[in-house]
Structure formats: structure tokens, C-alpha cells
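In C-alpha cells, one chain follows: the form predicted on its own.
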């Protein structure tokens, strides 16, 4: 017995491209564990997507949505044409009768607006905190009309919205078998994420320059002009941009680092790279802002630093050897396993589809 699930990926880019950030990892890992637990899945994603899970993948053409974090709170709702977002939801409308439930990962106005027009339940997994007045408004309306259908990563993320009690906290997880524990790292640090201003890479670079510990930078180069400006601003900093890596390559480099630095200017909903680091035994140094607050055990698996404090980052770098890397790996095993994630999502689905169908 299991659910027949239609999963709709983020419309900001193809799965496997890195443009979707941590949401891509969430989609992949959730598909993997739900498939293992006996559910039938179809994943719908933009054209050129790849998925390292043996489930049906439907890819559709169309222009990608711009990322919400690059817009202002008052920015009008826009949709480029032809739109991959509308294509994915048109497909969902056509095939909905074959499924028990739709779960989507789009931080966009359209899926919430369409909710009452669908014949089957829609589980809305909200991947970011409050960024847009129009998005906040449509989500609040769905929370009232379809209670229990909105999920988030963390309590901290939910508290950025007006009625945090309406959001179910589901967390995240990774396939721990894909991450090797590294007990003795090299003399280097890591920073992983989309290279874009809201990630504040400049703070990590400044901390590396002041501490004189080399910094390995990995992630999608989303804003080339921003990266060029950073290179001009810190010409002598000991940094190296390595590019965007798949999981295997990422964990190889990340595991060999003394610490992961996380420097977001905005409220990160979770921070999947933090648990990837912990799985490799790598302590996390993060600003005390957003999701990392609920991941990093201060003084045990890393250090939480006052937001926007480069001096605080430098102090944490100098103190990183006080963290036991074995404790980091143990926390990943204890708190962020895929089976636990699958169970949490199944419990959520059961509130919307009480009776499981036979596959």
C-alpha cells in the first residue's frame, strides 16, 4: 500500500543544474526515500532536468521563473512566456485523476492560487521565508481555506510569516551513504552556495583573508558581475572558485575542509549544505540567522556567530579545532536520516489523504 504522488519541482531551473539551490537536493532525496518506502512517484521538472532516482521524470519546456530572493517585497507577480511554471501546472491538471496527492516545491503565487480549482489535495512545501507581500497573502489565504496543507523546513522559517502555527515543520535530510567521514582535513575552509549577493560571500572571503586560511568556493555562479566585483575587492585573499559540483565531487572537497562557512544576509529556510558538511564530519560556522540556528549545536558541531560579523567568523575559525568531527557525523546520523524524513512526510500526507490507495 502506498500513495500515488505527483511531485512538481522548482521552476527556477532544471534539476541537476544547481539553479534551484538546496531545493533540488530536497526534491531528489525526498523522491529517493518515498520510492524506497513503496510509493509511486512521478516528478515533473523543467526541460533538461536529471534525477538520480529510478522514478518517472516528466520534463517540460518553457522559460524559468526568476528567483524570489532577487526581487523586492512589492515586486509584482510575473511569469515569462512561454512559462515552464504554467506548463507544469497545466500538466498536473490534466493527469491529476491518476494520483492521490500533488506535492510541489514552487515558491510562486500560481500554485497557491490554483489550489481550490484542483480535484485532489495539494501539499505546498514552502522552501523560503517571507520575501514577498503577494506571496505572503496568497499563502495565508490557502492556509485558511485548506488548513494543514503548508509545510516548511524549520520553525525559524515559519516565524517569518504572519501565522506560523499554520505551517508544518518537516526538516530535511540527506542520503548519508553518499558522504564519507573525513577525520583529518587539510588547512582550508569551504563556502558552498549560489554566488549571489544575498549569500554574502564577501564576508567569508574577508574572514579567510584575515585568518589566512584558504577558502574553497563551490556553487552555481548565478551573478557573474557580483563575483567579478568580489575578485576586484579582495585581490590578495586566499580563495579559489571551483565551480558547481555534483554530490560525489562536493563531498570529496567539502570533507577535506576544516569548516564550512555560511554567511547569508537573508533568513535561510534551512541550509542543506550544513547537514552535508556534518555528514562529512565538517563543523559549521554560520551566522545566527535562519535555518542554521536549528541545525548547528553551538560549541559541539560548530559555532553560531552574530549576523554580519566578520570578526565573529574569524574568531570561530581560530576556535574550530575545539569541535570534535566525530560529533558532527553523529549528529547527521541522528537527526538528518532519509528514513526519518520519509516518515515525517508520510504523516503529513496522511492528514490530507487519510486512506491509502492500492498501487
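Residue numbers count along the first chain shown, from 1. Every value quoted in this text rests on a predicted model; they were computed, and no experiment measured them.
In what follows, reference is made to the form predicted together with a small molecule, a form of this protein that is not presented.
In the model of the complex, the small molecule sits within 4.5 Å of a heavy atom of residue 12.
Using a 4.5 angstroms limit between non-hydrogen atoms, residue 194 touches the small molecule in the model of the complex. A residue is said to contact a partner when one of its heavy atoms sits within 4.5 Å of a partner heavy atom; residue 108 meets this definition for the small molecule in the model of the complex. Interface membership of residue 67, defined by any non-hydrogen atom within 4.5 Å of the small molecule in the model of the complex, is confirmed.
127 is the sole member of 132, 127, 154, 263 with a non-hydrogen atom lying within 4.5 angstroms of the small molecule in the model of the complex. Only one of 159 to 167, 242 to 250, 98 to 106, 208 to 216 lies within 4.5 Å of the small molecule in the model of the complex by heavy atoms, and it is 98 to 106.
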